[in-house]
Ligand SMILES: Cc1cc2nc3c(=O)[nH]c(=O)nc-3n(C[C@H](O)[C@H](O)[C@H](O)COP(=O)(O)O)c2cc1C
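Take a look at this one chain, the form predicted alone, written out in C-alpha cells.
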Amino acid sequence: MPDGCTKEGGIFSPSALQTRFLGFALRNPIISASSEVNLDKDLVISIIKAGVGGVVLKTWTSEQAFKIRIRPYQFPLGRINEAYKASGSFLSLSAPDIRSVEEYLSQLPQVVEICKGNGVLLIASFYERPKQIGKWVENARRLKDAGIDIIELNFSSPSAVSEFRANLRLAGVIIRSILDQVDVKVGVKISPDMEPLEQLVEDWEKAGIAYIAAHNAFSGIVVDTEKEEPFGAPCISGYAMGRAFLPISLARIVRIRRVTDLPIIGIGGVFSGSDALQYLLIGCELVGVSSAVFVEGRKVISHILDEISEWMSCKGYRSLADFKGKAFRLVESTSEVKSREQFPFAVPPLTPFIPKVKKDLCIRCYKCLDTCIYGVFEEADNGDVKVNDANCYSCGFCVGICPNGAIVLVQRKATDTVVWSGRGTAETFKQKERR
C-alpha cells in the first residue's frame, strides 16, 4: 500500500490521471523534462512508450559556443559514498543539443507527428544570447511553424547563466517580442538561484508568459578524497542533481504561487510517486522527471504513475483536481507561525513538549542516545531508554531520527497528548480553523 494510505478507495480508473495544460489534454501529469532523454526522435519514442503525458525536448540554441560538449560529461556519485547513491545524485556537464539549427528543424516534424499521434504534449526548449532579440523571435517562429505545441524559453541554462544574470531585465523584452510576432504559448524555465524571484515572476507574467517551469538544477562540484582531486571533471558542473533538490525546488514554488496563478511545472528530485505527489499537492499542474530516468531507467515512469494511481485509489480521489494544491493552502509564512508561538524563549525545564518512548516499539538501537545533543536520553539499568526531560528543548529531532517510530513528542503537562508523531504537520502549528 502506498505511503500515507490508510484505506481502500475502490476501483481506480486510469482516466483519473488525465489533465489539461494550457488547453492541451494530457493522459497524465508526468512529463519528461528537458534533457538528453528527449534528444532525438528515437529517444522521444522510447520515453512516450514509458508512459509520459508530455515531452520537453532537449534545449537547443544556434550559438555554437554554448554547445561545446566535453567528454565524458555524466558522473553518477554512487562510487563516492552510499548517501549519494541512495539519493540518485550525479553531476552533469551536458550541453544543449549539438545538432545544427537546420538539422534540428529538419527532424522536428517527425517528432511532432509522433507526439500528436500518441496524444502527447510537445514542448520545445531553446535560448539565445539575451541581447539577440531577433534570433529569439526568428527561432520561436520556426518552432511554431514546425508544429510545436508550446515553447519554453530556457533562462536557466548553465551554458549561458552568467549572461542571463547580467541581462535579466531583457527577459521581458524577449518574451514580449516573441508574443508580438508569433502566435504561440510561451513559458519560462528558471534556475534555483534566480532572484529577486517574486519580482521576476511578476514582470514575466506582465510580459505575457503562460507558465513557469521550476526548476533547473544547481551547479556543483565534488572532491574524490581517495584520489584527492575533483571528481569527474576538473570544473564546476552545470548540473548537480538528485533527490535532495526536491524541498528546495518546492519551497521556491510556494514563493512563486504566492504572487501568481500561472500554471507551474514542478521539476527537481522526482524519483517516486510520493515525490511527484508533493509537487501536485503544492499546486503544480505538471511534474517533470529527468534525473530518475538516468538513474533508474525509463521504467521509473510507470512506477511513478502506478504509485500515484494507488495513492489516489486508497484516498478515494477520482481526479487530480480533488487534491491538487491542497497542501499549498496550508502553507504559512514563517513570520505567521512565529507570531503564534506561545513559548518563544523557553529553556529547559520550562519547555512545553518532551519525548515519550513507546516501549513496545523501541528496539534498543540507542540512536536517540547517540544523536540527542541535549542529553535527554539515557540507558536504564534494564536496557530500556530513559528520558531525562529536564534537559529537553522540545526540538522534536528524536521523533524523526528513531528508525522504528518509537518516539513521539507530547505535552510536558499532559503526556497523553501527542503533538508530533513524525507525520504531517505537528499539532502545535495547526490553527483551530484547520482542524
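Each residue number is its position in the shown sequence, starting from 1. Please read all numbers here as calculations on a predicted model, not as lab measurements.
There is another form of this protein, the form predicted together with this ligand, and it is not shown here; the text below is about that form.
- Only one segment in the set 221-229, 92-100, 133-141, 111-119 has residues whose heavy atoms sit within 4.5 Å of this ligand in the predicted complex; it is 92-100.
- With the partner omitted from this view, the residue of Cys284, Met312, Val188, Ala217 that lies near this ligand in the predicted complex is Ala217 [heavy atom within 4.5 Å].
- Each of Lys58, Ile267 and Phe294 places at least one heavy atom within 4.5 Å of this ligand in the predicted complex.
- The shortest heavy atom separation between Ser290 and this ligand in the predicted complex is within 4.5 Å.
- In the predicted complex, this ligand lies farther than 4.5 Å from every heavy atom of Asn28.
- Within this chain, Gln74 lines the site of this ligand in the predicted complex, having a heavy atom no more than 4.5 Å away.
- Using a 4.5 angstroms threshold between heavy atoms, Glu36 counts as touching this ligand in the predicted complex.
- Applying a 4.5 Å heavy atom cutoff to this ligand in the predicted complex picks out Ala240, Phe245 from 230-264, in order along the sequence.
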